[in-house]
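Have a look below at one chain only, the form predicted alone, in structure tokens format.
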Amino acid sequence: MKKNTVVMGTRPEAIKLCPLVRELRGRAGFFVSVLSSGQHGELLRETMHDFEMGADFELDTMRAGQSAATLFSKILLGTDRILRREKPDLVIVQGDTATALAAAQAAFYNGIEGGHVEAGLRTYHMRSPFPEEMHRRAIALMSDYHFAPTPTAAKHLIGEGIEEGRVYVTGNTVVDALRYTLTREPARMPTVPKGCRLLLFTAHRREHWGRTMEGMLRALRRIVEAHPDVVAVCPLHPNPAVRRVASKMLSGHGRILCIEPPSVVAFHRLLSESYLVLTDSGGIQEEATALGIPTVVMRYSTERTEGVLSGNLRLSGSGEEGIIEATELLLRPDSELYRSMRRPSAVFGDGGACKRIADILQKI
């Protein structure tokens, strides 16, 4: 019986790892425990609940106003304590969060093999996104098995000296998650007037805090004001730095709905019903591409270049005027560009990533 510990701490990690946990637990020969770092607190628990699971071990790490270094050290120490006690054969992490880096490092220090889901994403700009680009490169150095979502991600890893036999192209587990969530009925959904075009807006990246974030939100307000048939829905990130500026810039506008983060089931339904997405998120780029929802990526670079090349994503930069220019091209009623982007693409996966990863883990 192989003992696997899956570590997650943020909502996006739960979305991408819960389907894998379900797949592994459905197979003979695996004992799977889930360790929650608590990085996203209640949001994480709610997301896990949507996938009908909970954590076997839970750390209490989040405090308002703590530094990134403080959070990382708490997760590292707490994970190390549990791994030394439980002694799993393999620790599985996902992506590029503080939780993923701390858990990978704790496993490395304890001589436990590590598996990295969504390995090989790169911008090759160390501070974009910050600090995620550093996190994922460091995780690659400490991992034994690299589950790359695309051939491009696999090429990055091999080019960095990772042994080719330890790199596996599996697809992204987020597509597996969509297949699960879109069959469920959300408990609550924001009310959007009939006949309106729904614009889904999310912004939270650390490198955008401050004036850049203000410009991004000002761009959204100007876009909505220019189009009476557009309603924007903005799920607010839990970070106070994001909430303060969103409250300042968006309050008082009747067609901009700032909402608490919806359940993953509700969010995926909202995304599927959107006319257009504006985001600086990573995972939403993959989800929107799989669903065929045209997306303006409010960044100057992306580690999801496959979505740009497939024609589903459009980089605007994070400047106010660039966001407006890119969005206006897609809101024109006769926009051929919009029509060309409005089609699903499987560049990030076909919904079979969890099965492929489980097959690999059964063989190693």
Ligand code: UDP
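Heads up: residue numbers just count along the shown sequence, starting at 1. Computed from a predicted model, the values in this text were never measured in an experiment.
A second form of this protein, the form predicted in complex with the ligand, is not displayed here; the remarks below concern that form.
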Location of the ligand contact in the predicted bound form, chosen stretch of 150 to 158, 182 to 190, 201 to 209, 220 to 228 [non-hydrogen atom, 4.5 Å]: 201 to 209
Out of 284, 140, 246, 291, which one falls within 4.5 Å of the ligand in the predicted bound form, going by heavy atoms? 284
Taking the ligand in the predicted bound form as the reference, which of 74, 122, 268, 135 has a non-hydrogen atom within 4.5 Å? 268
Taking the ligand as it sits in the predicted bound form, is residue 262 in contact with it (heavy atom to heavy atom, 4.5 Å or less)? yes
Residue-level question: is residue 349 within 4.5 Å of the ligand in the predicted bound form, judged on heavy atoms? no
Taking any heavy atom pair closer than or equal to 4.5 Å as contact, tell me whether residue 131 reaches the ligand in the predicted bound form. no
In the predicted bound form, residue 15 touching the ligand (heavy atom, 4.5 Å): yes
Within 221 to 247, which residues have a heavy atom closer than or equal to 4.5 Å from the ligand in the predicted bound form? 235, 237
